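Here we start with a single chain on its own, the form predicted on its own, put down as structure tokens.
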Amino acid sequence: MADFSQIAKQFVQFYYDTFDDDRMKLAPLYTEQSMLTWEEKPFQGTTNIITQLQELPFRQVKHQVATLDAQPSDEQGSILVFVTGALLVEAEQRPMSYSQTFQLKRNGDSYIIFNDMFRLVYPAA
């Protein structure tokens, strides 16, 4: 069995590179049972998730990962992944902090995103 931490690192690199290039290409990572929560709003199923990602109010984005933590999460090989980082959106020079959690579920020899939770992190008042 491959090392869960290495799988998580490879997944995160692929996910954000793909997101930053063409969000439509993320569709094969989700299933009809997958769930995305984006800033409190839930979306279930591949079509609803990809539609939400496509309708975000920015076209150009660059993710910069600061931290990545991973844990095995069940006996079937699922992996819980927690990421923090910065988003550079359009021509904005001030990055926005974010956190994102993925529940990766084994699907044959690969993984799908079963759960995905994204949240911008605002400075404490």
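The model shown is predicted, which means the values in this text are computed figures rather than measured ones. Numbering starts at 1 and runs along the sequence shown.
There is another form of the same protein, the form predicted in complex with a further copy of the same chain; it is not shown, and what comes next is about it.
Interface membership of Q52, defined by any non-hydrogen atom within 4.5 Å of a further copy of the same chain in the model of the complex, is ruled out. The closest non-hydrogen atom of T18 lies beyond 4.5 Å of a further copy of the same chain in the model of the complex. Although the partner is absent from this view, D74 contacts a further copy of the same chain in the model of the complex, with a non-hydrogen atom inside 4.5 angstroms.
At the 4.5 Å threshold, heavy atoms of M96 reach a further copy of the same chain in the model of the complex. When contacts are defined as a non-hydrogen atom within 4.5 Å, none of Q6, K25 and K62 contacts a further copy of the same chain in the model of the complex. Although a further copy of the same chain is not shown here, in the model of the complex the stretch 22-38 places heavy atoms of M35, L36, T37 within 4.5 Å of it, in sequence order.
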